[in-house]
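Just one chain follows, in the form predicted alone, and it is written as structure tokens.
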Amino acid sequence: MLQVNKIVIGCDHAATGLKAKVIEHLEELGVSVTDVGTYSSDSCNYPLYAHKLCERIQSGEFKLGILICGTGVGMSMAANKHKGIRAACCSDTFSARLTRVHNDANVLCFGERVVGFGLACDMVDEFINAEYEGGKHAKRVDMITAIEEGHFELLK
């Protein structure tokens, strides 16, 4: 059962092909997809697309997002600079599911040069179908938020 009915997605020039296939997969599942770019293989700067996506999540318009670049690492680093964003770079389905379940991640990142289409879609499925458990994990997610807000005294 889908946990989301809409998602925002973005990529850089290294991942336009995989992004198009992931969008098609999501739409086949009945998920409405908003694409924040890029739309060509011309060299571009991935932080811009991470920022565009994160703004849409921060506004509350979207609960989850997907960012794709060559490795997924750059996108995750840029996304995690945004308040309230918990982006996870994954290359396996177990991590993609558990980052939602345990870390309440709201952005899945991966790389076109790292994962193929089949694995990318499997990771996306795990990510969007997983639900945050809270419970014992909530304290840890709250600690991540405390770091983000500069409240290091709460890290005990």
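We number the residues from 1 along the sequence you see. Computed from a prediction, not measured in an experiment: that's the story for all the values here.
A second form of this protein, the form predicted together with a small molecule, is not displayed here; the remarks below concern that form.
Legend entry - 46, 69 and 74 each touching the small molecule in the model of the complex (heavy atom, 4.5 Å): Yes, all three are in contact.
Legend entry - Partner contact for residue 113 in the model of the complex: the small molecule, 4.5 angstroms, heavy atom: Close contact exists here: in the model of the complex, residue 113 approaches the small molecule to within 4.5 Å, heavy atoms only.
Inset, instruction - Consider residue 13 of the chain shown here, and say whether it contacts the small molecule in the model of the complex, taking contact as heavy atoms within 4.5 Å. - result: Residue 13 belongs to the contact set for the small molecule.
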